[in-house]
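Quick heads-up: it's one chain on its own, the form predicted alone, in structure tokens.
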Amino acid sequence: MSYIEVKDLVFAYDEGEKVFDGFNLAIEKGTYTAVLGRNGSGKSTLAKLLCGILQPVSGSVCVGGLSTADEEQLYKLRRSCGMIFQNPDNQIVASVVEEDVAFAPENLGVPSAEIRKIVDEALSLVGMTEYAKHSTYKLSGGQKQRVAIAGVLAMRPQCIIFDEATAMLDPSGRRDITATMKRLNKENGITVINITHYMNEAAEADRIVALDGGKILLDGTPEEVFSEGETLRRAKLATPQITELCDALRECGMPLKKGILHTMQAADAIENYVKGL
């Protein structure tokens, strides 16, 4: 059984058009999945369904063996599956960094000595230890988002869903949060689902699921998905900038392989081509 299992999902807002109609998805534990799609494709709705914020009209959503439809299990599910939203200000509840991270375990009745350990560990994981005593209101957007992540980590989750968590950040902040996602996944075994509009972010994942109209358009490794440039363009989705460059060079006659994602990959491929002339 996969860690996340969505089976025959049907969902609509009120009496409106169905966002999902017979949708299926499985995600393995400890993986890093990026979810792509233009506005209205169902990305954020899927995130809320996975966290139990929304409920299916029919079908099932299970996370770690817990059904989101079982109200008695929702508390346990939301502890094991955290969510980070676009605006970190919406998740920060205290004026001091360490107090904000301590908020959830305090409300769970965790002993004070253990809370201190949990807060220190969470801040260390997101690289914010030196800001423990700082005012949350004076932090940059990227720093606030890392505090929000630490607050979720204090719940000791097995899965974190990032719902366009870098959308309001500058490039530096986006790089910091993307690096944090990778570190939490690779070093701590946390299942990461990153819902994003940024193709360079998606290229860092193990797997990409591209949505279009509530259906899976493409599903595979970043190399596999970004090799389908024409399919992505028809769905009004892009590819990473370096991939676009290599595609353009290939159309001009340079024999570069499809699905090049990183600058050094492109540099090596172009260098090898030039040496062979």
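On a predicted model such as this, the values are computed, not experimentally measured, just so you know. Residue numbers run from 1 along the displayed sequence.
Keep in mind that the form predicted together with adenosine-5'-diphosphate is missing from the display, and what follows is about it.
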**Request:** Name the stretch, out of 234-242, 62-70, 44-52, 23-31, where some heavy atom lies within 4.5 Å of adenosine-5'-diphosphate in the predicted bound form.
**Result:** 44-52
**Message:** Test of understanding: in the predicted bound form, would G40 fall inside 4.5 Å of adenosine-5'-diphosphate by heavy atoms?
**Reply:** yes
**Message:** Can you tell me if L9 lies within 4.5 angstroms of adenosine-5'-diphosphate in the predicted bound form, counting non-hydrogen atoms only?
**Reply:** no
**Asked** Does adenosine-5'-diphosphate come within 4.5 Å of any heavy atom of I260 in the predicted bound form?
**Response** no
**Request:** Counting only non-hydrogen atoms and a 4.5 Å cut-off, give the residues of 1-36 close to adenosine-5'-diphosphate in the predicted bound form.
**Result:** Y13, V19
